[in-house]
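In the structure tokens that follow, a single protein chain appears in two forms: structure 1, then structure 2.
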Structure 1
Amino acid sequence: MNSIHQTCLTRRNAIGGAFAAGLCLGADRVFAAGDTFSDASRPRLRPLPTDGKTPIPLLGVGCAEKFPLRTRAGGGGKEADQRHAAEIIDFALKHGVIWLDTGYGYHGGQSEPFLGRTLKKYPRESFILSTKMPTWMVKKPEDGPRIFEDQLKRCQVDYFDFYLLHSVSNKSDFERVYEKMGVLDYLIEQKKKGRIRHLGMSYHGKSDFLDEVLTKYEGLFECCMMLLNAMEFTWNKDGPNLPKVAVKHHVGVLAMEPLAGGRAAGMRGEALDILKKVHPNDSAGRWGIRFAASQPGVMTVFSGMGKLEYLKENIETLSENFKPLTEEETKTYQEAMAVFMKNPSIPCTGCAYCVPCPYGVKIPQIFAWYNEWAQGGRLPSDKEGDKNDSQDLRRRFLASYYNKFKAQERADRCLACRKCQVPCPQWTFRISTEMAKVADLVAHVEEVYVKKGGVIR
């Protein structure tokens, strides 16, 4: 009997009948006014494709950088934040959101130890835990076993329910790490020993290579995590093909970044009006979560829910009453997204795998700052007649940038060493190229501002 089925049988005694019965039966946003959360709500269960019966919750907790676990804050602030994160996990488990996904480098390496401490009070069979082998950190054959053993200790468990190859994106890295260094053989051996229950991938490449790997190792990988959101599908036209490839090989699809690092939840203006005409009380975040869960073969949608209201809304959205987007709703959402993305943005999800920069550049923070101005349609312009051709806007733009980032943290400090590109899971853009664009824009805005009489202090 598999461990997740055992969960449904043992938890009645271990945690309480109501929680067990509920499980076995079955970004920036807030609830719309008047909405209430039902304490009986649980996420819908979908079967693991490889056996057709193991129940998997449609909603999972992503414990990467969007999860509220600040590792660089000092003193009591850090402790308070971790208490808040633990409260979110407790609430999630109580309401059937039992899959917690982490990674070796998340939150500066603190995500796994945090989960180890927080989950220690729960019976091991009462939650699903997944983590990942950091592909880019494996430099020699012994690194794989060392990292895996360290992860078991950090998470304080004897096995992982799901273990993923992290950030698989191209053939050369896959062959070098997992085949030539024998890391995949090692993980298969751990699976035989019961220390891994299910193997999978966290995939960031093209659909043809995914098909090649799943064909070569048919039946080995049981799930595949991938970027599934409408913004990603706009940047990456091959994106919609990825879940189709997984379905072809009977591999469960795990949706990550359903709200594109929270940006899709910040839809506003004309774009949001398009959605409100169809569902007046639904947030842009709810639309985004539904869009991800409606893609082919999706088994679980992972969200880094930093606030309790986000978790509640997502549970309600992906509950037993969940309905995939209709064809008309899909068209509406894509139309709204097209309007939202008329303003240029950088396809960075804020995962922070790229930091620390050896030269001190605040990479994800700079991209987030730029996207806030860009997607709000507020980038300064010097085109005559343009609504953004304004000295006041230029002044506020420059003040925002110079006040937010110290001199050594700014975009012009990037030397294009490309060290950040190795761990970056995105292949649809290059960090150094986009950083140069930001630096050039700031310099140009400053030049125009001064030329028109502005003073830089």
Structure 2
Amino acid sequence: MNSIHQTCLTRRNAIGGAFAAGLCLGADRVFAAGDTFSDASRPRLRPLPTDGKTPIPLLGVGCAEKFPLRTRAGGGGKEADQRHAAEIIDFALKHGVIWLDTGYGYHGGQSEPFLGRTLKKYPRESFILSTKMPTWMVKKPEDGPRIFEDQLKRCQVDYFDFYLLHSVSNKSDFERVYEKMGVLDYLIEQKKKGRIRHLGMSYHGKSDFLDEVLTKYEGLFECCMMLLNAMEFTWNKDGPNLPKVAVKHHVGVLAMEPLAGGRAAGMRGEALDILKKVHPNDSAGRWGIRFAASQPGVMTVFSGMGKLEYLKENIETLSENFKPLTEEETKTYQEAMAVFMKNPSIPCTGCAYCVPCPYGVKIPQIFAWYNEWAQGGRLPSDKEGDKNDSQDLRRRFLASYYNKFKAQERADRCLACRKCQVPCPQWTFRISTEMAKVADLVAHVEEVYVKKGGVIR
């Protein structure tokens, strides 16, 4: 087992977490360890802080984009994907990972119906199901009830254990949708009817507004989902404050994207070496999961696990033997992350929803190739004295690109027609923009290489 993990969960436009398969193929190779999974492993249980008794497992299954549900171009039919996804759910439920988190728009609206079909055979009490009100889709007051009723039908259940306000991030949207349109009142009413057991939110804003909302509705929200990963914490200095605010209000913390869409699991090179020095057998994925689970007040860590191995590894990591990161370990992990992030990569997860490109550009392969060079800190540079300012490196870089991709498959063939943008589940970058950057970089490296006397053939 080993290697990669993915997180899933909540994000705007159901583009939610998305995770690293392609990116991390390399990682699979790096940690080839035997399958040590013990069938008796179960995730650790913690009580829900608001009632102090409902046992909640430390690991949950995220059913957003990296959950292996969607038909992928170039491999596996729709049915094969769904069979595989169902296997993962069966395995998870059998091993105590009973919380399944979905959302209205996940997988283009296919995630909820899929869970409905798959969970039908299980007694309702044997699993915890949560879904979310897509805040951005509520345009008029009737939308809230309509969507909620639709969700119950899609999931084939009478009630949701947890119901979250999806992607709360600022005061104006919150007030408009949940207060002025009365959607929150409607949901409270549903809770009274028993169709919602616990309310919560998935939060993407600043810590002071979270504090404001939780103070205003003290006792109403019992859990709050937030981005907990070391990458997010480097970009967003306010990030570490969110769980502290939640703890202050006795709200259970749900960690989403513990591996930043799988990117954190793709750590390699120098950065990975730092981690390997401390725990030679632990994958970058395990470190990331432990980091998320070590934040204050964390009740459950959600991961969008595309492979059984990821699920097994996560169960083991978050089992009874789970130990939070020590201060020393946290420092090591953050140090490695800093090294890793020095070399920015393209956050493509290699899901390949974008292919086939009508013009033949090998989109995921080009990004994976670029990331390999970027994350290994090997992109050629023009800066004099830089260790990457070498003709030898330029030659290797160009040969690697030209040998891997035929003329018609290269980045410079991208028309920027954006047909790939529709199926791409990522929201942090645009394929055509990144493709142009790759094309420009290669052209520039070639120009410098030739100018300095290099020969391409």
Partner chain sequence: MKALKYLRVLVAACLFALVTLFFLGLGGGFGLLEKIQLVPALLGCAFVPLAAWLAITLLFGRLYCSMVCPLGILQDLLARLARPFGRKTYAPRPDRASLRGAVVIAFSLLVALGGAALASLVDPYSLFGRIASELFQPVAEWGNNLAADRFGVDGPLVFFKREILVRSASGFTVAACALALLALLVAWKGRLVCNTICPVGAILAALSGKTAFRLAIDPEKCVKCGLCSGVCKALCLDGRNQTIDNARCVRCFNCLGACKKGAISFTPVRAGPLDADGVADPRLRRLATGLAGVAAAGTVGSSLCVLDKRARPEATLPPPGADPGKFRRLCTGCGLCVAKCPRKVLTPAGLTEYGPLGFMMPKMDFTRGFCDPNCTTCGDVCPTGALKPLDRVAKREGKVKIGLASFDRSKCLVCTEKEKMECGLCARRCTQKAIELKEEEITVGDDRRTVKVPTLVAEKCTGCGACENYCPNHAFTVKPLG
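When a residue number appears, read it as a position in the sequence of structure 1, where counting begins at 1. Keep in mind that this is a model prediction, so the values were computed, not measured. Each form is matched to the other, and the largest set of C-alpha atoms that superpose within 1.5 Å is called the rigid core.
Trainee: Name the structure that matches the description of the form predicted in complex with the partner chain.
Mentor: Answer to the question: structure 2 is the form predicted in complex with the partner chain, whereas structure 1 comes from elsewhere.
Trainee: When the C-alphas stop fitting one rigid part best and start fitting the other, that is the hinge; which of K342, E189, L152, D90 is there, between structures 1 and 2?
Mentor: So the residue sitting at the hinge would be K342.
Trainee: Across the change between structures 1 and 2, how many whole degrees of rotation does the smaller rigid part show against the larger?
Mentor: Interdomain rotation between structures 1 and 2, rounded to whole degrees: 30 degrees.
Trainee: Rigid core superposed, G377 Cα shift between structures 1 and 2 in Å?
Mentor: With the cores aligned, its C-alpha sits 3.5 Å away.
Trainee: If the core is used for the superposition, what shift in Å does the C-alpha of D440 show between structures 1 and 2?
Mentor: Superposing on the rigid core gives a C-alpha shift of 7.8 Å for D440.
Trainee: Align on the rigid core first, then pass along the CA displacement of Q391 between structures 1 and 2 in angstrom.
Mentor: Comparing the two forms, Q391 shifts 9.4 Å at C-alpha.
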